[in-house]
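Starting off, we have a lone chain in the form predicted on its own, written out as structure tokens.
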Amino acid sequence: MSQIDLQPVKGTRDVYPEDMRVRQWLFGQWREVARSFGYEEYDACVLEHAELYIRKAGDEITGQLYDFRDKGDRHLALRPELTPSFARMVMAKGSALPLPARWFALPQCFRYEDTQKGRKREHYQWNMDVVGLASVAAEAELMAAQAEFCRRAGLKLDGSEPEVVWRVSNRQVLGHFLAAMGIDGDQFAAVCVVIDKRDKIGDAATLVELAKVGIDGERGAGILRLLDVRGLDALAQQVPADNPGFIALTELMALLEGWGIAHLIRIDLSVIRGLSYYTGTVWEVFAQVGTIRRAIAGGGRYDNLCAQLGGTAVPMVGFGFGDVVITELLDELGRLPVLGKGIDAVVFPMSAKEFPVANRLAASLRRSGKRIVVDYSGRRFKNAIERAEQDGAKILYILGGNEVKDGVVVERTLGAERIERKVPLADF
């Protein structure tokens, strides 16, 4: 039999213990931030009915599904994102769910897309969502939570050149602008899907794609001019003062000023977010340092998603923050913490005869909350010390035949000093 392929499936990852330490650190930061804002953790099944993700607007995500028919001939998919599952769960709770509700999750998601630096076909992400708040105070709170994590992770947000900025827009600005051109409903959603690709394909190709969804060249050029608008003052020159998207962005900036992060916000009408269910505020957290100068997170308001799934519309807004790109960015900047194995002490029985006593000693130490390894290797004493220090242990407990006979253990402090003392086993 030939040897199996030792590499993981393209676009996926093997997570070795040293990588898992980083993941657990990252997840710990996300959980701490979410809980500090009063959010509760939840999860959903990684398998969903494929129809949950297949939308009329032709979202890119529809073509990226890992979908299949199961043995019961059900059309299923590995979840590419958590938001539709979240909406389904909110609908299932119905009026029994006290509003507003603040939930967060760390789901694993799968998308069959082109792999590149910072992007794989499976990833974990940090989701925070608010249900039942129509006010942009919800968006401001979520952006503040993202900023809090970025600060804790060591990204510089202060000063005139922050390492991360928030590019923010509002779908209603574009929606009302296009409605004046006679573009609404499914056609509006299709336009959003097209112009979300503008940065990748360029203006000429964008106009071609817009023509495919029924937008002529003159109207297409007008759309591109609006997308080039930057800042509230410039936007005020392009749309009427009663444009609900403009009003919402103005209110949002005032709230973000109170959070102390208004200096990080860039009003940018080119931010669309390709998913068709967004209805209001949309934003991207954008890295401005390193080689990964692109969005590292994104979010938006999707008040109509439950209605699209057959339920009743309810105000909803949330974000997703992927683990791959932020880990690679922090690693490139040298901001990832140095994480050891977390071992407090090693018990070293010098022969198999001492194993029973070593196990009892280790069990006693573990009951006191310490993380203990018993070194059964029978390696030379010098090598036992070296390995224990490599593993980050602070103490080595040495058990030989004489120590067991005398009812003691040699406690050796590891590191530069290496102090030894004999401790009665009865003390443990």
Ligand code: HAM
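When you see a residue number, it is the position in the sequence shown, counting from 1. Because the structure is predicted, anything quoted here is derived from the model rather than measured.
Note that the form predicted in complex with ligand HAM isn't included here; everything after this is about it.
Checking S276, Q172, N127, S85 against ligand HAM in the predicted complex, a heavy atom within 4.5 Å turns up for just one residue: N127. Of the listed positions (E148, E163, E113, D268), a single one reaches within 4.5 angstroms of ligand HAM by any non-hydrogen atom in the predicted complex, namely E113. Using a 4.5 angstroms threshold between heavy atoms, I296 counts as touching ligand HAM in the predicted complex.
With a 4.5 Å cutoff on heavy atoms, L97 does not count as touching ligand HAM in the predicted complex; it lies far away. Proximity of R79 to ligand HAM in the predicted complex falls outside the 4.5 Å heavy atom cutoff. When ligand HAM is considered in the predicted complex, R119 lines it closely, a heavy atom lying within 4.5 Å. Contact with ligand HAM in the predicted complex, defined as any heavy atom within 4.5 Å, is confined among 260 to 268, 67 to 75, 119 to 127, 348 to 356 to 119 to 127.
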